[in-house]
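To begin, one chain is listed below as structure tokens, in the form predicted on its own.
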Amino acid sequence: MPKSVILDVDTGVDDAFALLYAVRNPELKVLGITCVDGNTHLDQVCRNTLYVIDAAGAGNIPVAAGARHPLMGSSGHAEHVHGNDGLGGHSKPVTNRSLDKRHAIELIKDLVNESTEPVTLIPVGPLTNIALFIATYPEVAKKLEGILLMGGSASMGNVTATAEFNIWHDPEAAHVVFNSGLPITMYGLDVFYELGVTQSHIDELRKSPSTSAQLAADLVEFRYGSMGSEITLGDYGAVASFLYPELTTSKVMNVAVDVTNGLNRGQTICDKRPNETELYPNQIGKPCKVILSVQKEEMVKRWIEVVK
């Protein structure tokens, strides 16, 4: 039986990689998709999301708009990475799909309540919507099987030396999520860059006539042109890690988020100490499963097979 998930996205290039895969994989039942300000502004995120799932040939999946700004402070978009439209110039308003009238957190609440199967949230953008949902509907949130998020790092950052973009964009929201007491799995920068695609993968995609494969190839080629190096499938890895945990290795650590305004704002502080907490009980954070390695060749292979 397909596993039920709700995706929360800030659709840029690597979110698109995740969406193309998720809505085409018969092993997943995508109940809904919620959009959040992040890689680009919310209205563009919504347009990109509708376009991508159309290109993927998705069925009638509700898509809802959520938070326009972080809980505190201003947005920090990433058009310099994803292009002015968030999709490297490939976003097109060529869909008959429209947004669900509900706010993202209302959609999540309804979908979780209505589902007869366990539901997992897979956020691959800033955690603003997820924090608002947990704070507004805590009893519904407790019904979740868990949250597998793309964000954070047990090593280094990318926006700053210590902070990963999704957490850095809204540290306060991340703090709420990581401290919620819900089962959390973190797919962070420790593995984010592992799922590299090459020219041979582009060539394989180009052989397929599907709009899904052609959009995927366009996006990979955009990244090649803008980054000049091997491109990662990024956010897709969070979806694959949920579906195929046997392709990952992980460790449970206490994780806290730095919400101060210092140099480490947005850092996910992962307590890797084996026994010292018995001697020094000033323990911080809540237990979180942190993915530390993936079987990258197999994950890339499975993405190609589904997307094309």
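Remember, it's a predicted structure, so these values are computed and weren't measured experimentally. A residue's number is simply how far along the shown sequence it sits, counting from 1.
The form predicted in complex with a small molecule is left out here; the points below concern that form.
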Single option in I108, A216, I130, M150 placed near the small molecule in the predicted complex, where near means a heavy atom within 4.5 Å: M150
Selected contact from S180, T185, S75, N158, since only one has a non-hydrogen atom within 4.5 angstroms of the small molecule in the predicted complex: N158
In the predicted complex, D170 touching the small molecule (heavy atom, 4.5 Å): no
4.5 Å heavy atom contact, A174 to the small molecule in the predicted complex: no
4.5 angstroms heavy atom contact with the small molecule in the predicted complex for L189: yes
Residue contact check: N39 to the small molecule in the predicted complex, 4.5 Å heavy atom: yes
Stretch from 189-197, 97-105, 208-216, 138-146 whose residues place a heavy atom within 4.5 Å of the small molecule in the predicted complex: 189-197
